[in-house]
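A lone chain, given as C-alpha cells: the form predicted alone.
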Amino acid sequence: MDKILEIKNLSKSFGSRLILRNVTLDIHRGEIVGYLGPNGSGKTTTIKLVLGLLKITHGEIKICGHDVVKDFETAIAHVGGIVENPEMYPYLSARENLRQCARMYDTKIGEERISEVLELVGLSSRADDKISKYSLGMRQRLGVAQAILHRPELLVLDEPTNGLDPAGIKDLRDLLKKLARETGLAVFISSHLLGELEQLCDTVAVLNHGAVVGVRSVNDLKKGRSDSLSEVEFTLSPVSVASDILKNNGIEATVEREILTARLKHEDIPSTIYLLSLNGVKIWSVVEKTRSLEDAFLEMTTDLRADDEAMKGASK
C-alpha cells in the first residue's frame, strides 16, 4: 500500500519540557489509524505538527512524499483536518458554507463537487437548511465534508466524537469507514474512547508520556501477546472429567453452569481439544474470549505507570 503519512523520529519541546520523544508512525492509503493515549500524552501536539500548526523540534513528517517543513504548501494540500470542533457560519446553509470553504483553495471546486461531498456525508436532504438548525452530529459530518472538499489523501481528526450522542458517534464511524473503503482516504484519528476506536480502526498507535509504546493492528492487540493466556470456554461432557484432565496436565480450569473455562495460549487450543477428545470427552463448542482494546491499552501502559509511581516515591 502507498504510504500517505510518514512520521520519523518526531520530537517536540516547549522550552525545557519535552512533549514528544522520537515518535515514528506510518499510515497507508485506505487505512484508519487510531492514536491512543491518556490526556496530556501528546496526541494533540502530534496532530498540530502534522497539520503544520506547530514547529517541529526534531524529526520529519512527510505527506504523500512531501516534507511538511521543506515543502509545506505541497504537503498540506494533501490533508484535510479537524482539530477540536469544526468552525462554520451558523446563519448560512451547509451548501453555502461549503461554497465559502471552496473559495480558499487554489483549485476550482464547483457545485458538482459540493453536491458530491454532501451526498457522501449524508446531508443532501438538509443541504439548504441553516447550520443553526443542525444537531451536533450533523455539524460534525459537515465538518468532515469541509475537510474532504478538496479531495485530500489524508484526513486528520482530533477527538471528533466529543459531545456526540451514541447515534452521532455511529454515524461518524460509518462515514469514516465508507470514505476509507470507497475513496482510499487515509484517516488519522486521536481519541480516548477505546471502545469506539476498537470498532473503527485497522491499526492503533499507543502514546504514553510522549513516546509511542506500540503500533499494532486491532486484531493482533485483541489476541494479545503470543505468550499471553486467553480464557477459552468449552461446552462439553462430562464436565468433571474434562476438568480433571486439564488440571492433571497443568492447565488452569474452572467450571460454572456446566461451562468449563480454561486459561490457554492461543496456539495451545487445538492440542487441548485433541487431549480431551482422546480421553472420551464430547465437545460441542469452543469459544476463545478476545480481549477488548481497553485490556490491550492497559497492558501496554501498565509498566510505564508503575515506573512513574516508583519515580514519584523515590523523589519524596
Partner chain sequence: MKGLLKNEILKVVSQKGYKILLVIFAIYVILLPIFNIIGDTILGGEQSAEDYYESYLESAEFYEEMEYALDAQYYRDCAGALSFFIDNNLEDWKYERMFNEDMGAIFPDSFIEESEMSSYCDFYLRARAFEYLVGGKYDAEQLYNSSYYYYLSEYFYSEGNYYYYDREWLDYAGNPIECPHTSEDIAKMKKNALEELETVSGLVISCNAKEILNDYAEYATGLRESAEHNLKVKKNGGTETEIYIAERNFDIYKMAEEMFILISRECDSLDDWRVGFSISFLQAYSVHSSYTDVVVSKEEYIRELSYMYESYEEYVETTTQGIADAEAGIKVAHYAVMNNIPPEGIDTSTKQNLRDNIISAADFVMIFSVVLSGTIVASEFSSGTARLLLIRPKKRWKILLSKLSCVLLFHVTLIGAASILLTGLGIVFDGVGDVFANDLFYINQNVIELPSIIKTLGVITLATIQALPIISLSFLLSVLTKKSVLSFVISFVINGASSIVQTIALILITEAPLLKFTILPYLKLIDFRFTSSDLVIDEIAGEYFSLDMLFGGSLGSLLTSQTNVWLAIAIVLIHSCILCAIALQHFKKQQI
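Residue numbers count along the first chain shown, from 1. It should be emphasised that the depicted structure is a prediction, and the values quoted were computed from it without experimental measurement. Rigid core here is just the name for the largest C-alpha set that superposes within 1.5 Å across the two forms.
Below, we refer to the form predicted in complex with the partner chain, which is not included among the displayed structures.
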> Heavy atom within 4.5 Å of the partner chain in the model of the complex: which of Cys101, Leu123, Ile114, Leu172?
Replying inline: Cys101
> Among the candidate residues Ala253, Val281, Ile61, Leu51, which is the single one with a non-hydrogen atom no more than 4.5 Å from the partner chain in the model of the complex?
Replying inline: Leu51
> With the partner removed from view, which of 203 to 211, 174 to 182, 236 to 244, 80 to 88 is the stretch that lies within 4.5 Å of the partner chain in the model of the complex, judged by heavy atom distances?
Replying inline: 80 to 88
> Wondering, does Leu92 line up within 4.5 Å of the partner chain in the model of the complex on heavy atoms?
Replying inline: yes
> Using 4.5 Å between non-hydrogen atoms, is Ile76 touching the partner chain in the model of the complex?
Replying inline: yes
>> Can you work out whether Lys289 and the partner chain are in contact in the model of the complex, taking contact to mean some heavy atom pair no more than 4.5 Å apart?
In response: no
>> Is it the case that Arg21, even though its partner is missing from this view, gets within 4.5 Å of the partner chain in the model of the complex, heavy atoms only?
In response: no
> For His78, is the C-alpha shift between this form and the one not shown 2 Å or more after core superposition?
Replying inline: no
>> Does Gln100 move appreciably between this form and the one not shown, meaning a CA displacement of 2 Å or more on the superposed rigid core?
In response: yes
>> Relative to the superposed rigid core, does Ile131 relocate between this form and the one not shown - that is, does its Cα move 2 Å or more?
In response: yes
